[in-house]
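Before any questions on binding or motion, here is one chain by itself as structure tokens, the form predicted alone.
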Amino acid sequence: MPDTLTAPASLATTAPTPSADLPQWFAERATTAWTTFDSLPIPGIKDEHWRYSNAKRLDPAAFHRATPAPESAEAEAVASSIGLSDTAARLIFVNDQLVQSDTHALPEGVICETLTDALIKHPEVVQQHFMQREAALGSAKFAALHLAHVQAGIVVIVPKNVVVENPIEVFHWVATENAAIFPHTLIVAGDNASVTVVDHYRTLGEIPAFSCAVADFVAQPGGRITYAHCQELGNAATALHLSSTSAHRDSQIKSFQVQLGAAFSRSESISDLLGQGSRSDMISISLPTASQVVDQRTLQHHAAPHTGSDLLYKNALYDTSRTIFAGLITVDEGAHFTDAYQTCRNLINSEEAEANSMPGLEINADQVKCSHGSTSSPVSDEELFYLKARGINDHDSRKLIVQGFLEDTLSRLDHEPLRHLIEQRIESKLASIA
């Protein structure tokens, strides 16, 4: 038995120990990933993918792998997991341990299991789709760390022609100081299948913590996936979320990010349009306050003709917060008739806030329609005057303007209860701003 008084080893020195029950290929990938993690340096200031940012905010030496939380903490997390009223399935993880699961409302044939169970029961499907896309936007070291330690999260497999009407909702909690969790979400929608999945990331209190999450989305021909990532970790936490989208012929994948918590959060989103008629929508809202930093990197990769993508990221900044956005649209040779858009808009509510945006295009095909743009502006004096002249104070006037600024992102959510839930979380964050 280890000495319980000894401090847990840091992530930087803790090699993975995959369960003997898991497939050999998974154990081998985890071991190889640890070697890769150990060999790669933390990205430096000269790394273009980390321009305006600081990878040292993700220093693994500052955290240790989460261990099971006390029963009282688990109970508190379950009681605080308030989300959608109608769900097809609902799972709650605390410190990477499943503490509650309800999947009884899923349609027949739909698989929704923990990653560990799916590795044992459906190893071929997981092996085919699990982390097949390289982390090409700067976080290869941290993707390797995730692969080395991951055993929590869910796998959703929806068979051909099955429509899951209500969302699958998952809560990921960190309950102890300096703990790191490694949630993974794998969604595979079969031909003409449809599913919505919502991931919530939270901490119990304002504790230092690290969430290193990865999500893989695969839509087969005609498939539909909607994914919402709601990051509300405490203000002392650090968050990393890497996502990879594979959209095949005539499929549609919509990814919606809400960044409300964490002292430093970084997301890297890659969308591969692989089949004709495929479409990807990438939407994000962030509301950084105090000294929060939100770092977002994206890639819209059009590999087939007649594909479409639309990215809309909106940031409303307060106090001394900062946002970084770097997005790239690439169109391969032969990917003619691509229709791609990329827009990042920043609303500045403080003279000390800072927004950095770096959109880009690489087009190698003909007859394409591609555009990108970014704007940063303060709250309009005319809008403030209009609202104040009607008896609304400065604080509430600014809140109304921010809500109006975010409206066209929220309007892209087709599921009304999910939209209402996200509006409530945004309202809660705005209410906390002095």
Partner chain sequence: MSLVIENLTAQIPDRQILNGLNLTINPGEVHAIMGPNGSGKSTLSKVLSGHSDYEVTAGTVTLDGQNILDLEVDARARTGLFLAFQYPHEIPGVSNANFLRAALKARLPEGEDIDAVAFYKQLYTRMDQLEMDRSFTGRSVNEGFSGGEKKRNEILQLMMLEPKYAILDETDSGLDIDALKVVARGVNAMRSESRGFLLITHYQRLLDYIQPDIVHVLMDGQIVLTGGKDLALKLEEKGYDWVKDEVLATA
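Positions refer to the first chain, counted from 1. All figures in this text were calculated on a predicted structure; none of them were measured in a lab.
Here the subject shifts to the form predicted together with its partner chain, a form of this protein not shown in this document.
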Choose from 362-370, 56-64, 378-386, 29-37 the stretch whose residues reach within 4.5 Å of its partner chain in the model of the complex, heavy atoms counted. 378-386
Check residue 48 for me: does it contact its partner chain in the model of the complex (non-hydrogen atoms, 4.5 angstroms)? no
Would you classify residue 52 as touching its partner chain in the model of the complex, given a 4.5 Å non-hydrogen atom cut-off? no
Any of the heavy atoms of residue 41 lying within 4.5 Å of its partner chain in the model of the complex? no
Contact of residue 70 with its partner chain in the model of the complex (heavy atom, 4.5 Å): no
Sequence-ordered residues of 402-419 touching its partner chain in the model of the complex, heavy atom within 4.5 Å: 404, 405, 407
